[in-house]
Every structure is written in structure tokens, then in C-alpha cells.
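Only one chain is shown below, in C-alpha cells, and it's the form predicted on its own.
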């Protein structure tokens, strides 16, 4: 479970707000009197999985708002569902509105896409793990990965020190799959798994024989994946390695790839090109302090 202690989470969101607000919200300053208290609702304008609600509510409470969460992180909402109610200073709310919505709608869009992809795979009868990649927006790694988790997906690496992942450009320098795995294995801690990206059936076999814990079949067609799996079974190595496939997978062909019976499918599009869930923040009551 991904969790940031109090203070660190607020600091991250504060940075987003500072970037947006510049030297101050001049529109609100010039048009809204000091001391106005408002009640507002964050409303889902379409069906989906909400995410970011708890993160945003923590930030809002730190700014002095009263927050009533109506739809918890990871829950399904219908169009018109009130996700949260907010009561507090009007000027502050107007100045933070876009930051709040940007984070919640992006996270909810990622969670919704993840849940939809997983449902397709499960409905087809496969237990394949659906993971994201490191294709996240700069500065949003925690929030993008948390959204994937809330949608039921696997976060894969959270940081580069989580896992030894030897990719194509490492191999372009080293020149040999077996040598790359052996180099890593000589000094790697027992706590670090070794994964390597391979581009052929032979490289896959060489990597497993050299001691890789995970092989990533990069841009393999379903037919090529099946051939690789068959080769590993033939050599008695299938149960000694996790097989991940990445590249060219999307929600429309994901079942075809899951049918190859690999262990993990990683989809960059979950975080890199997901549509934000449509949500709005509406002021429903205005009060004077």
C-alpha cells in the first residue's frame, strides 16, 4: 500500500499550487471580498473509479477547510455522485480549485482505465497481472502510481532502486544478455530481483539460464510470445522465471496478449495517455464569516 506521512504529501501538492498560482490569484483578489465562507461539492460528471480524494482532502484540511469525503479512494461512482463536500474560505478555495481538480481527475482517469483493462482480462478468464510503467508525468510519479494501485493494477517499479532492470540501451553497451545478468548477479543484494529486457527467443533463454528472475519480452507478437514460452517449458525453465511482456499492448488487444499465459503485462498507456475523469467543483452555498 502506498502511503506518504503527513507533511510530505501536503508539501508535494503545495508545490503544484505554487506553480499554478504564481504571485497570486489576481482575479479572486479583485472580485471576492475577504471573509466569505462557502460550501462546495466535487461531483463526478461521468462513471468511473475515483482516486486522489484522500490526498486532496488531507491538503485541504491543512489549509483550514472542513472536508466530508463521500466517495473513498478506489470506489466506483456514477454520474452525479458527490465525491466530497468542502467548507471554508472562498478566496482560498477559488485559488486552489484547479490544482485540486487536476490531481483528482487525472488520478481518477488512471484508476478508471486500469480497472477497465483488468476487468477485460478477468472476464476472459485470465489472472495475468496488469502493471504500469515509468511513463508517468514528471513530478507526479507517486500520484500516478497510486492511482494504478487504486484501480487494482500493479505499480511495477516505484523508483529505479526498487529492481535491477537491464534494458536495451544497457545491452547496447554491454553487448551480451548473459554477461549483463551475470554482472548484476555478482554484486546484487539478495533483496533485489534481476529483470532484463530481451528481443528474441534466444535472448530470453540465455537470460534465464544466466539467472534472471524476470524476463521482459519487448515488443513480442503473441505468436512470438508463445514460441518463447514453449522454449522455456521445453528446457524445464518456465517455473524459474516471471515472464513480462511490454510494448504495443493496449486495452483493445490486452486479452489477446493475456491469452499467451505470460505472468505480467505492462502498459505504458495506463499512465501516459489516459483521459482524465470528468469531475467538477461547484459552490452550492455562500455565507459571510
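This one's a predicted model, so the numbers in the text were calculated from it and none came from an experiment. Residue numbers count along the first chain shown, from 1.
Although not depicted, the form predicted together with another copy of the chain is the subject of the following passage.
None of 92, 178, 81, 73 but one reaches within 4.5 angstroms of another copy of the chain in the predicted complex through a heavy atom, and that residue is 92. Contact with another copy of the chain in the predicted complex, judged by any heavy atom within 4.5 Å, is made by just one of 249, 67, 63, 259: 63. Checking 73-81, 131-139, 116-124, 202-210 against another copy of the chain in the predicted complex, the stretch whose residues place heavy atoms within 4.5 Å of it is 131-139.
The closest heavy atom approach of residue 183 to another copy of the chain in the predicted complex falls within 4.5 Å. Residue 96 belongs to the set of residues with a heavy atom inside 4.5 Å of another copy of the chain in the predicted complex. Looking at residue 85, you'd find every heavy atom of it more than 4.5 angstroms from another copy of the chain in the predicted complex. Contact annotation: residue 33 falls within 4.5 Å of another copy of the chain in the predicted complex, judged by heavy atom distances. Contacts between stretch 25-57 and another copy of the chain, counted in the predicted complex as any heavy atom lying within 4.5 Å, involve 25, 26, 27, 28, 29, 30, 31, 32, 33, 36, 38, listed in sequence order.
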